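Okay, so here's just one chain, in structure tokens, the form predicted on its own.
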């Protein structure tokens, strides 16, 4: 990495019968790309409870990043969702890629109930919207492997205590996935997703104190 600061981007392998995962397609398009003084390192994560956190921790040890952003697929969402909070529960609506389907199980036994993202989530949403990319603050990362790795990430960073920041972004289906999905599934083109992630990284690197503007929801 030529001794430049590293931004670790983590995307997932396909799951749930899909043959492609937009999170991996988007993050790998940025692998090796500069972002200010930093350089991006993209790594693929297994969509497997437990193994996902192990793979992420190995990637953190390998790259020694200053910023970590995990990205996941959220079929049915129409915007880039900047996640606010990870909760300490696994509750799989479907089985993961290893066939596991934990129900009401803690991600980390005796861990705190939740961790907040340390990304400037509202500044990222603001920057994305200014660039014409649909985006919003999300207050739920679900209870599948996305929330699992998000919680595992924030738990690992809290234990490190070195100021490394991290968070999670959910992204919509790609158009080819939406075309195969039942019903009226929203989607976002890959170039837009890549552009959006680039903006999110640049904003996270530049903004230390988040904007104070509304990002809440009634329900």
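Positions refer to the first chain, counted from 1. This one's a predicted model, so the numbers in the text were calculated from it and none came from an experiment.
As for the form predicted in complex with another copy of the chain, it is not shown, yet the points below apply to it.
Student: Which is the contacting stretch out of 194-202, 6-14, 19-27, 207-215, given heavy atoms within 4.5 Å of another copy of the chain in the predicted bound form?
Tutor: In short, 207-215.
Student: Should residue 110 be classed as touching another copy of the chain in the predicted bound form when contacts are defined as heavy atoms within 4.5 Å?
Tutor: No - in the predicted bound form, heavy atoms of residue 110 and another copy of the chain never come within 4.5 Å of each other.
Student: Is residue 183 a contact residue for another copy of the chain in the predicted bound form, using a 4.5 Å heavy atom cut-off?
Tutor: The answer is yes: residue 183 has a heavy atom within 4.5 Å of another copy of the chain.
Student: With the partner left out of view, is residue 119 within 4.5 angstroms of another copy of the chain in the predicted bound form by any non-hydrogen atom?
Tutor: No.
Student: Is it the case that residue 132, even though its partner is missing from this view, gets within 4.5 Å of another copy of the chain in the predicted bound form, heavy atoms only?
Tutor: Although another copy of the chain is absent here, residue 132 would touch it in the predicted bound form, with heavy atoms inside 4.5 Å.
Student: Using a 4.5 Å cut-off on heavy atoms, what residues in 155-178 are near another copy of the chain in the predicted bound form?
Tutor: Read in sequence order, the residues that approach another copy of the chain (within 4.5 Å, in the predicted bound form) are 170, 175, 176, 178.
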